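Just the one chain here, the form predicted alone, laid out as structure tokens.
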Amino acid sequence: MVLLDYLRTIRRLTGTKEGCREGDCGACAVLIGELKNDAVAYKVVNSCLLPMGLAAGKHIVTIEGLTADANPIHRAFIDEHASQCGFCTPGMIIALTAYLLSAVKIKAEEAIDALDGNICRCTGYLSIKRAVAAVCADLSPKLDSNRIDDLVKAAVIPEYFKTMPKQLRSIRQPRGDQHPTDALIAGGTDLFVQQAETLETAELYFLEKMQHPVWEEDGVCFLDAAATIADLKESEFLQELFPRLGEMISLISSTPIRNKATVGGNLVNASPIGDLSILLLALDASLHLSGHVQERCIKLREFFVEYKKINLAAHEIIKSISFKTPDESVLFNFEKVSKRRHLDIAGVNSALLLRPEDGLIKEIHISAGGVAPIPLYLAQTSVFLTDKKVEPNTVMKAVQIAESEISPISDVRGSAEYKRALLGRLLQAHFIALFPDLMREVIV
């Protein structure tokens, strides 16, 4: 059973709404609080995709669990006419509360972005944005480092939030030895869309995340396979390596989905347009696989065999992903084209890592999605560009080679011809972004 059904049918907490059941609309949003370093860290998640097993040991908060009287978020939504039919409003308020609980510094623009997983079909969003801005203007001067106490005083959350660390410590128990049976679940954000009915009666095994999901050893960066996409975005270490990482990851799904979707799950899904697969292919990443008998390591480019078929034996799981920690000279770029900039699956996406030296490309890795049955590592194109100067003619020759490596098909996201042309544009976009002066001839 997923949390949404438990809340509505068993607990009768009907403020949490049932909408799309795919994690797109945000009407079912709830807060999930997890004990970390003697404090409870709260995030917003979609209850329609959260199996009950992942709620164990957590603090789950619905709209009914927030302060009802004199809540400044409620007041702002009323004053700005940000609620019309009201169906989406509980999810909006939950998402904004999650932002107020977790943000280091309150900023209206960031608060609006925090509602990226919530859809409204009535207001046109301007009144919602005004309400969010009003809340931020009102509360920003009142919120200090003791965020829980401050939000209790501001009548956003009830007094009982102060007792949650003690309550969660009292119910935490050591995890016993368990063995996977029917299904392995990490985030479940895709499985509970595609296989909801099957999983309803399956015996589930929940994979746990490491306490530190991103780490470095001997010049190699490791990612726990159970790390969420949000973990990557929030990692200070990764932000130092890739200054535009936050911007890149903001193009992947929405905040509630990023809070649960995992790196390993994204890779195992094997979508030909999986954004994380494309990013990691360009980092020339390796996978560390663990089975009953032995462990092995393979390149990510060897993991995808054919459409939705992967190089993963029975009883094997991805334990971690690694790539060489890039030095300051390494350049990295990600491009994605979709019908909507946010909250949409790519039509075509591509990533590029490049290490220049003495005016030449000494190392380069290029990936492309949406142009083959698998997330594609452009091996021939990468080989061609190695030891070349970055020049418009060289880039255009590389585009021609890339076109020979791909095999796009026509589907709802575009014709094969369109995708072929689009990849060429994205390859040029990489070099324009990284070498604007050298590529001035092709900038239109």
Partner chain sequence: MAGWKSPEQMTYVGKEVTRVDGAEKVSGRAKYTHDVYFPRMLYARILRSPHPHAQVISVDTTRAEALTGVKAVLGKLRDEVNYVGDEVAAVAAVTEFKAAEALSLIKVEYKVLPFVVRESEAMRDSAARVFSGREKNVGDWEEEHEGDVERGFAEAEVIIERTFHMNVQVHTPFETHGCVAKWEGDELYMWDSTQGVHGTRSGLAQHLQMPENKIHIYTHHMGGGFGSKFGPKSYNAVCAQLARIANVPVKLLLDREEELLATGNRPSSFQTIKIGARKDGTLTAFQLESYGSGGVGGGAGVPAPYIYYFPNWSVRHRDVYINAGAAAPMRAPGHPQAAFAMDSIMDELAAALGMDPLDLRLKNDRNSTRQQEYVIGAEKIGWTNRHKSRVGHKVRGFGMGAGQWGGGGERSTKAMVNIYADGSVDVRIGTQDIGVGTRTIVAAVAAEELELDLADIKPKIGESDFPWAPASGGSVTAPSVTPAVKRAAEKAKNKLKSIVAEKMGVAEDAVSYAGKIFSISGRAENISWQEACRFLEGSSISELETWGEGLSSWGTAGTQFAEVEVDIETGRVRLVKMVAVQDCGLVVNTLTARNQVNGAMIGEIGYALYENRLLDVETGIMPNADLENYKIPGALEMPDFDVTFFDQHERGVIGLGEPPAIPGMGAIANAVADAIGVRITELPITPDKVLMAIEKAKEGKA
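Residue numbers count along the first chain shown, from 1. Owing to the predicted nature of the structure, the values given are computational and were not obtained by experimental measurement.
Below, we refer to the form predicted together with the partner chain, which is not included among the displayed structures.
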- Please check if residue 277 has a heavy atom lying within 4.5 Å of any heavy atom of the partner chain in the model of the complex. no
- Query: Looking in the model of the complex, any heavy atom of residue 77 within 4.5 Å of the partner chain?
  - Reply: yes
- Touches the partner chain in the model of the complex: residue 349 (any heavy atom, 4.5 Å): no
- Message: residue 63 versus the partner chain, in the model of the complex: is there a non-hydrogen atom within 4.5 Å?
- Response: yes
- The listed residue (167, 84, 140, 325) that reaches within 4.5 Å of the partner chain in the model of the complex by any heavy atom is 84
- With the partner omitted here, the residue among 344, 150, 216, 234 that in the model of the complex has a heavy atom within 4.5 Å of the partner chain is 344
- Exactly one listed stretch (127-135, 151-159, 353-361, 205-213) reaches within 4.5 angstroms of the partner chain in the model of the complex by non-hydrogen atoms, and it is 127-135
- Task: Answer yes or no: in the model of the complex, does the partner chain come within 4.5 Å of a heavy atom in every one of 17, 25 and 196?
- Result: yes
- If you look in the model of the complex, which residues in 138-163 sit within 4.5 Å of the partner chain (heavy atoms)? none
